[in-house]
Ligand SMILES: Cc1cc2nc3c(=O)[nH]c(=O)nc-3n(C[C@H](O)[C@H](O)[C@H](O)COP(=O)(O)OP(=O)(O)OC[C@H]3O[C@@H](n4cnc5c(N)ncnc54)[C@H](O)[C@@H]3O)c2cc1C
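In structure tokens, one chain follows: the form predicted alone.
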Amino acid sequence: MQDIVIIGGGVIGCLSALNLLDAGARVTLVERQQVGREASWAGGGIVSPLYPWRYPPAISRLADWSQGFYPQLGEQLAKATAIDPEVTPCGLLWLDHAEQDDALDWAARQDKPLRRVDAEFIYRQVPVLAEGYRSALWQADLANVRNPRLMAALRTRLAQMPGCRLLEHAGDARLWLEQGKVAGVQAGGQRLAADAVILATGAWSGELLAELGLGLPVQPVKGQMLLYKSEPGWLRSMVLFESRYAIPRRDGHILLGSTLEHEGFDKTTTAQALDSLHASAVRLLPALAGQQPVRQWAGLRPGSPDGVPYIGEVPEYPGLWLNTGHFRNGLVLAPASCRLLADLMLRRQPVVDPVPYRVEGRVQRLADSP
């Protein structure tokens, strides 16, 4: 049985832990604050890339597997924890026009149930939508997950498992090396010996690898969100226009997102983003014009050059594994990414071809390192 330490308690760290625990490993999950309170909590929870036809096949393969797995994951967690992550197939309307032909060509190649719809369909599906939309793309089976509830369920499930230890509020976590090999993690004033260490620290992953003299091109990218409240069922489906989206929750809450800001590790919300997001909300759903948002918040995505995550062992440091760099699609890709990581670590048949995600050749030694 392996002893594994995972640094990072977001959806990637938690699902990596769950996969490994199910296979009989012992896992210590180290988190800088409370499990599930960073980017995984802050995101929208659409179980699809915003514009899936823009992404390389490496993203599509992970997204396809995850989309098929999410319903059973939600059911399993709800049964085990009594916390329902609310995986809700409500469909998505893309209201943009410029890429419709490209999107339909992609859908035909990928055998996706994406179709063009007219104004009659649009306003029958979403009567509260602003006037003027004449054509859209529609995929009925796309779901959203209520990610704060997903993270609460994952935290509860991990705490239930006898082979798991949660070490929260450990912002001092550092890799522990012996003779050039990763021997564990130093965190919370203690040394945690491990057969393997997984970095699932999202936007902070580049900083931790830099301490080893390795350059990982993962940077924080801030996203701000607004939350509104209406009656349950008022907005029946997700809508997306010019990269801004509205997502309905079962209880009538509506998420509006999001910004894309390169501001380092600053998670401060701004009046400028509030005005911009509210304007987008009103452009999509005019009835929100007179409402004040219930809440505004920000999270830090792990930005990477092409959005293809890093999943695999770091060649220069045996025993050190990465599962990071998912950029805007961490929640979408998490189930497949974490199953793939467990497959590689346990030498099982990989659930998808691991080559596009491997670390080798994508992480370089920093110029001023020995």
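Computed from a prediction, not measured in an experiment: that's the story for all the values here. Sequential numbering from 1, following the sequence displayed.
Quick note: we don't show the form predicted in complex with this ligand, though the next part is all about it.
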ask   = Any chance I7 has a heavy atom within 4.5 Å of this ligand in the model of the complex?
value = yes
Heavy atom of A200 within 4.5 Å of this ligand in the model of the complex = yes
task = Could you confirm whether M225 comes within 4.5 Å of this ligand in the model of the complex, counting heavy atoms only?
result = yes
query = Do Y310 and this ligand share at least one heavy atom pair within 4.5 Å in the model of the complex?
reply = no
request  = Note which of I59, M345, A42, L320 lies within 4.5 Å of this ligand in the model of the complex, where distance is taken over heavy atoms; exactly one does.
outcome  = A42
inquiry  = Does this ligand, in the model of the complex, lie within 4.5 angstroms of each residue among D3, R26 and G184, using heavy atoms as the measure?
reply    = no
note = TL;DR on 127-135, 100-108, 164-172, 81-89: the one with heavy atoms within 4.5 Å of this ligand in the model of the complex is 164-172
query = Which residues, if any, of 4-35 lie within 4.5 Å of this ligand in the model of the complex when only heavy atoms count?
reply = I7, G8, G9, G10, V11, I12, G13, V30, E31, R32, Q33
